[in-house]
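Both blocks below hold the same protein chain, though in two forms, and each is given as structure tokens: structure 1 and structure 2.
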Structure 1
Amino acid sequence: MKVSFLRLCAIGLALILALSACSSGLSGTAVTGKTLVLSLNQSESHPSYVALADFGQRLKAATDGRWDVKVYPNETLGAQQEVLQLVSDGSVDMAVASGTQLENLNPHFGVLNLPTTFKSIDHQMSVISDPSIVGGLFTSLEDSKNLTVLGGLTQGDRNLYTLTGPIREPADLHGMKIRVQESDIHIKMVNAMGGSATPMSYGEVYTALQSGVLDGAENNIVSYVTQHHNEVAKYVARTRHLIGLDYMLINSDIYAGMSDTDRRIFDAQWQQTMKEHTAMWKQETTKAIQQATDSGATFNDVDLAAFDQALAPVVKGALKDPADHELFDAIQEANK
């Protein structure tokens, strides 16, 4: 009851802030400024919160106080699925959501969440900042859901970590139970890499590794350390099989209602935020690697060509729509 009460209080405050705009912004009405309510599922210490809080401060300064951003972390306003509905109807202005959530609204977003789609974080961020590649995708929810995708925040490259190792090629994973997210693509991905995909709630992974129920898991290095998985799974294979992405969404009426000047300022500050977050993520990854190494974890390179070859059928099987093929090919071309 306590959590529900606090959440209701937070939503009530968010609604008050949402109604504090100088004008509503509904149905294209001009908005002269307001404090934008932004929902985030990460904690205050996470790079996403730090970068978004700074985004609000810079936006406020650049617009002489007309626009501001209030970040609500820790899923205070609700889980991502319910918050997206709140953004859609205008009760909340902005939200960060995972690719899985957007795939449920438009399956074409799945292309950006396939293994091997991106070759590096820089490749990923250059693509999502290029309207010629993702412009149509990012505006595809405006008519049906009143949601505009502004861009995203990298989750970094995901790697395998195991109780025993090292893992150098797919054959080394034979028979190993590897935790995955509850996603068909992720299950196929780990199975293709040679492991036995085991869907499991994130909060249960540490205990499952500690007890031997799991032989390993896959995630980015920051999460590997912050969740203390490095204490029990000491072998990290640099498979870099997937580079994750969280999306930033805004209520389309609010975005369309900004004056041309304010939208230019808003867009510029958001682009700066993505760059700031990317740099911060790289720094945090370096720190996490050092922390993991100090705790006794070992990192090793793998036969990337062998893993890419194993994952190729998963990617091919997911690209059934010609539009998905076209998007995937454009993303690969951008890396050249």
Structure 2
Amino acid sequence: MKVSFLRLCAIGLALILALSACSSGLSGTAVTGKTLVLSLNQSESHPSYVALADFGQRLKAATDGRWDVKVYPNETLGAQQEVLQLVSDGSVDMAVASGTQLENLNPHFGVLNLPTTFKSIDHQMSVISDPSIVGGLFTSLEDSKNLTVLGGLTQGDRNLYTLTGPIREPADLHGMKIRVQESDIHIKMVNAMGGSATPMSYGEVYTALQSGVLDGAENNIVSYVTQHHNEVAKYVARTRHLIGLDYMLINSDIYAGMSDTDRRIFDAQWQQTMKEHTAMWKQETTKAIQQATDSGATFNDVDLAAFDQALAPVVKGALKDPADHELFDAIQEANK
């Protein structure tokens, strides 16, 4: 098995973190305070990093220094899939993970990963703040994985971008290898949109685009720019095929081990972070579009009806059982 140097460093770091967690006597027992280790796959210029660094500062001030958050950006601790395991076993305290990753742990999360689920970012944020809709989902990983979902950060609308283009309709994607997240739903989604879906972790996409292993990818414009994909894939097709969602996860023992007072403070600061991030998102998207355009990227509209038609069977096929339908319907109801 080939293990990269970076991966070895990440494992080494995780082990050190695990040892320091043991020495402070965690795992379900009461903890008076800690600098929480938070894993993020975005760069420091991404709004999620900015919002989470601010979360740490506010938490520290509000708890008189007892609790703090240290954000490790750029997949330093590993890609999302691996880090979820590290949070589960307690060697990392918190992580941001895309909904596509949670779909692999509990398929019902898949309902929130579909095209058409969310009509706007405001709709999405109001749904994930409503325990009557998502309460069961957010605690569903506690017994099996020791993971608690605290809420989410929007990914905004996701679009296609390619090395050659423009892409205006599904037929234009024929034969093109398009990177998708490691999700069954998203593989089917991009195949239905006319491409050849190629699952890959986030941090590998730039090199794969640059070397021509991929013909394109799909993401929001903020990530397109902060990951420098705009330097190599210059054609952006405004498919807006879905509004994605990142989740904030914490090791359930750590969360349960906080005093009631500190957990209340922690929750309040986190709620504020979600609001700040949502407010930041729109202006950061506008900024990213400008940056991409200045760097020579072109944006074009697409035949939305043709893409909608191609995607309809994917949505239908993913709503597998009555619980999925119920969740999907409750989400739609919340938009009325």
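What we label the rigid core is the largest C-alpha set whose atoms superpose within 1.5 Å from one form to the other. Here, residue number means position along structure 1's sequence, counting from 1. A quick note: this is a predicted structure, and the numbers were derived from the prediction, not measured.
Undergrad: Just to confirm, one of these is the form predicted in complex with alpha-D-glucopyranuronic acid (GCU) and one is not; which one is it?
TA: Answer 2, the form predicted in complex with alpha-D-glucopyranuronic acid (GCU).
Undergrad: Taking 2 Å as the cut-off, check whether the CA of Q271 shifts that much or more between structures 1 and 2 after a rigid core fit.
TA: Q271 C-alpha, core-superposed: shift of less than 2 Å.
Undergrad: Superposed on the rigid core, does the Cα of D215 end up 2 angstroms or more away between structures 1 and 2?
TA: It does shift by 2 Å or more.
Undergrad: So, does A192 move by 2 Å or more at the CA between structures 1 and 2, with the core held fixed?
TA: Comparing forms between structures 1 and 2, the A192 CA shifts at least 2 Å.
Undergrad: Using the rigid core as the frame, report the C-alpha movement of I289 between structures 1 and 2, one decimal, in Å.
TA: Its C-alpha moves by 3.8 Å once the cores are overlaid.
Undergrad: Rigid-core fit: what Cα movement does A305 have between structures 1 and 2, in Å to one decimal?
TA: Once the two forms are fitted on their core, the shift reads 7.0 Å.
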